[in-house]
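Starting off, we have a lone chain in the form predicted on its own, written out as C-alpha cells.
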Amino acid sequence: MTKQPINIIDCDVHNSLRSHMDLVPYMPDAMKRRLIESGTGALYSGYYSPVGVPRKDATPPGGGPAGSDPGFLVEQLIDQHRIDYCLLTGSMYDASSGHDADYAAAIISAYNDFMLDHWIGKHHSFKGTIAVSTLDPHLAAREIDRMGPHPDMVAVIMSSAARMPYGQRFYHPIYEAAERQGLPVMIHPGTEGAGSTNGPTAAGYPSYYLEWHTCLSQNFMAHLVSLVCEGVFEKYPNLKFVLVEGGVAWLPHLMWRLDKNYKALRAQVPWLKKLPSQYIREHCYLTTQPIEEPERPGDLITLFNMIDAENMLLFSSDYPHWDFDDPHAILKAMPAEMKRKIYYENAKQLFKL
C-alpha cells in the first residue's frame, strides 16, 4: 500500500443490520408483528448481479451480513485505509420503495434509533446520516427535527429512487427541515424501478443489472435539473445537496445544456436569478465512487477542471460493496491540492467535522 499523503473522510460507508429483527425493539407495538413476519417493506428491482452486492471478503468473521459488525468494519476499512471519519449511510432509505408511508416512516425511525444505540459512539470515526422516507415529506421533516440536534448526525439521506423529480414542491418540507437543522441532504441509489418508484432509465426497464447499474446516473440528472429549475436553492438558500454514487463525468454536459436552454427559456422559471450551473456549483456536491476511469487518466483531470471539481467532489469508497474504491488506488494523477480538498477538506467543511 502506498503511503497516505493526506487525511481521508469517506462519505459513503454502508453499515447494515444483522437482521430486520434488530429493529423490533424500536418499532411501535402495532407494527412489530408486521416487521417480524414480513420484514422492512423495502422492494427491490430484482436485477441479478453475477458478482453479488457485497465484497466477498467483507463478511464478518463471526457471521452476519457485510457491514453488520462495527469492529470488523473498523479493522477492514478504517484502520487498513487510515480513514479519519466515515459517514454511515446504511440502506434503510430503501423503505421508500414501498407503498405504506406510515410503515416506511416507522421502519426508518427505528433504524435511526438502532444506529444511535449500536453504531454511533462505537468508534470515533463514525458519523451518522438521518435516513428518511420520501413517501410522506411531513413525516420525514418530523424525523429530521427529532434526530437533527444529535451532534454525530451530520446529514439527511434519502433514496434517489422516487415517484417524481425531487425539485417538486411535494418534497419541500424535507428541505425546509434540513435547512432548519443545518444539515445537507444526500440522495443514494438502490431501488430504482422497484415498488412505487419510477422506471430505472429514461427509456424504461432494461434487461440486465449491467444496464441498470450503468444508467443510475440518469436519475441523478433528472433530480438535479428539477432542483434547480423548481427554485429549491432560491427558496432554501442555505441548503446543500449531495449526489452519492451517481457518477461524475455526466455533470459538464448537463450544466452546459441547462445553461444554454435557460438563456432562451428562462421566462418559464422567473424565480431563478443566476445561471443554473452557478446554483449547482454553489449548492451541490457529488461523491467520487463509482469514479469513471478513462484509458488516459489525465482526461479525468481535464473533466474535473471543467466543473470546479476540487470544490464540488467528496471522496467515497462505497464499502463494503463489490465496486469499492480504494482511496490509495484511485485518482493517482490528481494534483495534490485538488486531492486534499476532495479527500478531506470539502467534507470537513460541509459536514462540520
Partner chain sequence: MNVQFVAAVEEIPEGQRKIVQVGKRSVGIFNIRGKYYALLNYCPHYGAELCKGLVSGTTMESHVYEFIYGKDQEIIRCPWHGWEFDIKTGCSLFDEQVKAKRFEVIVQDGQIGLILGAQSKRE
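Not measured: the values here are computed from a predicted model. Residue numbers count along the first chain shown, from 1.
One more form of this protein exists, namely the form predicted together with its partner chain; it is left out here, but the text below deals with it.
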Review point. Can any non-hydrogen atom of Glu234 be found within 4.5 angstroms of its partner chain in the model of the complex?
Key: yes
Practice item. Give a yes or no for Tyr208: in the model of the complex, does one of its heavy atoms lie within 4.5 Å of a heavy atom belonging to its partner chain? Key: no
Review point. Should Gly167 be counted as a contact of its partner chain in the model of the complex, where contact means heavy atoms within 4.5 Å?
Key: yes
Review point. His172: heavy atom within 4.5 Å of its partner chain in the model of the complex?
Key: yes
Practice item. Specify the contacting stretch among 119-127, 86-94, 138-146, 267-275, defined as having any heavy atom within 4.5 Å of its partner chain in the model of the complex. Key: 267-275
Revision key, fill the gap. With the partner omitted here, the residue among Tyr262, Phe114, Trp250, Phe72 that in the model of the complex has a heavy atom within 4.5 Å of its partner chain is Tyr262
